[in-house]
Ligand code: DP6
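Presented below, as structure tokens, is a lone chain in the form predicted on its own.
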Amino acid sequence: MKATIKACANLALIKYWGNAFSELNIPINDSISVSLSELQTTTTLEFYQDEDQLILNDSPVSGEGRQRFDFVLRHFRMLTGVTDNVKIVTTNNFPTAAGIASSASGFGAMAHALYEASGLDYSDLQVSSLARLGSGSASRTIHPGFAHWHRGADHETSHATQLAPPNNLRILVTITSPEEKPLSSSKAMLRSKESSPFFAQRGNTANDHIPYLKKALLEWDFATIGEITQREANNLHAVINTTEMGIYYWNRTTVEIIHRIKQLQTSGIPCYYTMDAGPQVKVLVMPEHVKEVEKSLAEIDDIKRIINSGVGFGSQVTQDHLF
């Protein structure tokens, strides 16, 4: 029994940052994301008799990543009664653990592959809830286009649904550093909850944004979508930066890109920045302005790479097995 899944990374427009119940990654607020077509994880999973294996980018996974893998696998076995051991080989076509949601696409692909390889009947909601156990943001991974993660109150009700199908939005993913970030999002999230003076309001702010962004997406009001997305990023990093003695994911290039996007906005070009817990900046822009924005960003010497992504397909079964 073998399955291979291709899963897109997703970019949160309304951010997830903090849990009401940490063990199961049940969040304090709803969130909304867009799937990224050019940033993909490919995962092949096979049930077999030897000990469980997890290989990421040609290397065995250990530490926190392995613990999360084991946690998801235990819950899958408990939920389904499928107890065979597994071999998982997974690769990313973008930097891993660098603030581009590789854990989301990784655990989304793993959860989808577990159900697909099992031969059981399953639903998108089951896959979404299982993926959430490995990485909260992974709950949104399986849906094409735009996804809404409903925070829920327990394992069964905390899952994502599709909000809107793919369209012609472009997302410019600027890579300012390919290095693994020094502190994982899950650890930073816990520290923020313990010590940021702004954390208590974070969930309320995000939940207040939800109905306005939903309406803007369904009516495709790009200006409102961009403004809410940019405010969300600013709010998220205000919480992160005021944790303990400060957690700072940005680098000099991150700040330079933010200033460049603000300049473009002042000149009348509709484009909007957002960042997750990492130094990479993602820019929302419509096709007619992509060349202008790319040209302006290309003037910033320290950008390592710009990935011009469309809106993605979520996750899907493929026969291109990795082993």
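Numbers follow the displayed sequence, beginning with 1. None of the values given here were measured: they were computed from a predicted structure.
What follows is about the form predicted together with the ligand, which we do not show.
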Checklist outcome for this item: With the partner omitted here, the residue among M189, A113, I142, V239 that in the predicted bound form has a heavy atom within 4.5 Å of the ligand is M189
Next on the checklist: Can you pick out, from S177, S184, T243, Q126, the residue that has a heavy atom within 4.5 Å of the ligand in the predicted bound form?
Outcome noted: S184
Next on the checklist: Each of A147, H159 and S315 within 4.5 Å of the ligand in the predicted bound form, by any heavy atom, yes or no?
Outcome noted: no
Next on the checklist: I'd like to check something about S103: if you look in the predicted bound form, is any of its heavy atoms closer than or equal to 4.5 Å to a heavy atom of the ligand?
Outcome noted: yes
Checklist entry - At the 4.5 Å heavy atom threshold, is S135 in contact with the ligand in the predicted bound form? => result yes
Checklist entry - Would A277 count as a contact of the ligand in the predicted bound form, using a 4.5 angstroms cut-off between non-hydrogen atoms? => result yes
Checklist entry - Could you tell me if R260 has a non-hydrogen atom within 4.5 Å of the ligand in the predicted bound form? => result no
